[in-house]
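Shown here is one chain on its own, the form predicted on its own, set out as structure tokens.
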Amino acid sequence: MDKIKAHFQTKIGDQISEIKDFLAAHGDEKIGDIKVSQLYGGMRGMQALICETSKLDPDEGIRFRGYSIPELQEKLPKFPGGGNEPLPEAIFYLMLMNEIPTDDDVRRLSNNWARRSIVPPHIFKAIDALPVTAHPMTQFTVGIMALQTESEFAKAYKKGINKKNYWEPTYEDAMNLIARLPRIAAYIYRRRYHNGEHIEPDHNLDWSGNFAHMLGFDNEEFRELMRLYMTIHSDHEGGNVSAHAVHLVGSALSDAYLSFSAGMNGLAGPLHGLANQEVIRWIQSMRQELGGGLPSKEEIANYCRKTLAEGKVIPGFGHAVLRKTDPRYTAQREFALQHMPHDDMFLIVSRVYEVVPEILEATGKVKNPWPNVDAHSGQLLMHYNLTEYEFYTVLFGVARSLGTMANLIWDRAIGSALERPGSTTTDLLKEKFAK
């Protein structure tokens, strides 16, 4: 058993005991009331899940195991030799173990993923069976599903395994999946946009650095961006579509590949992960309509009002939970201010940030007029010439594996139940309230 897995095993018993004791003391207590409007409104705001790895506070933003993004940027290990951004290996370790890793912990995890990263040939064949023009997220989910043939959990369950040990093959699947996703994602990128001219991995690099290399970007600044990007996109508590889908499908004892593929199909929706490409598309359309160059704040404001008047949304603004500027947006803005303060696209994003909240507030219909993570990420990628914005959601998906897989391992370790909420009908509700 590898040292990372052995260390995780030492934590399971204490966590199970803590949950059992807490349920014994407070299991019958209520934590809130459900409104009828929530039943029809996508269960918005209902406290119905446990997600230990991160929590989204409306006023403070995302916290990972209690740590804010600025705290993580300070405390988590960096790439040796001058890196400034936290390593994604470190955020995964924190989410899985609930402890800040050492440099040795992170190096061990990075090496572990490198050893697991070989992708079987049939995965590439499955992707190649699709038209090269297929959306990158379609190719990505096909690649993930093809990997399901390698599931250690599926093999163990078929042979017969004690449910107390479900976490062990789930751990193997999760680690293998995380290790192989960059290779699959890079293969799709090079297949779609670079005539199938693929780049072999460089295992002397960290997980994100190697991903950047396989994409074809060996600029150290871009590698730093990938480290930041993968870290801040790794998790966003348990109720968002992708995280919830992984948990829901996993609760049926579907293996990591089936569960994660479900999450990625949710991430591909315009109201979730696909929004990052919509932001860039909207900015480019605005720029073209306004004659190119750097539009003024007044021109941007008028274009925003026109967008709303046409019954469309301004992509990248608003959030289901947050009531302030997304700290993930702020982290990306600080990266841009450090590395590209005079970039035209960054200046446009900044001017949009200055004018949109006031315009949205004036409508009286928007609770959160502030930018979310998608409002900035595309600009950073465009700066380094990763201009193919349909691929951006795949980057998001690779990052989201970190949080969802940490949670799935814990779901199997503590024996989380099959998720099966009840439902009702409009007629029954009418009958209830008529009485």
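Nothing here was measured: the structure is a model prediction, and the numbers come from that model. Position 1 is the first residue in the sequence shown; the rest follow in order.
Although not depicted, the form predicted together with carboxymethyldethia coenzyme *A is the subject of the following passage.
Picking from 403-411, 25-33, 366-374, 50-58 the stretch near carboxymethyldethia coenzyme *A in the model of the complex, with a 4.5 Å limit on heavy atoms, gives 366-374. Remark: L271 counts among the residues lining carboxymethyldethia coenzyme *A in the model of the complex, judged by a heavy atom distance of 4.5 Å or less. Taking the partner from the other structure, carboxymethyldethia coenzyme *A in the model of the complex has a heavy atom within 4.5 Å of a heavy atom of I314. Residue contact check for F396: one or more of its heavy atoms lie within 4.5 Å of carboxymethyldethia coenzyme *A in the model of the complex.
Using a 4.5 angstroms threshold between heavy atoms, L308 counts as touching carboxymethyldethia coenzyme *A in the model of the complex.
With the partner omitted here, the residue from P169, P77, G239, G318 that has a non-hydrogen atom within 4.5 angstroms of carboxymethyldethia coenzyme *A in the model of the complex is G318. Though carboxymethyldethia coenzyme *A is absent from this view, in the model of the complex it lies within 4.5 Å of a heavy atom of just one residue from A90, M214, L360, L72, which is L360. Applying a 4.5 Å heavy atom cutoff to carboxymethyldethia coenzyme *A in the model of the complex picks out no residue from 409-435.
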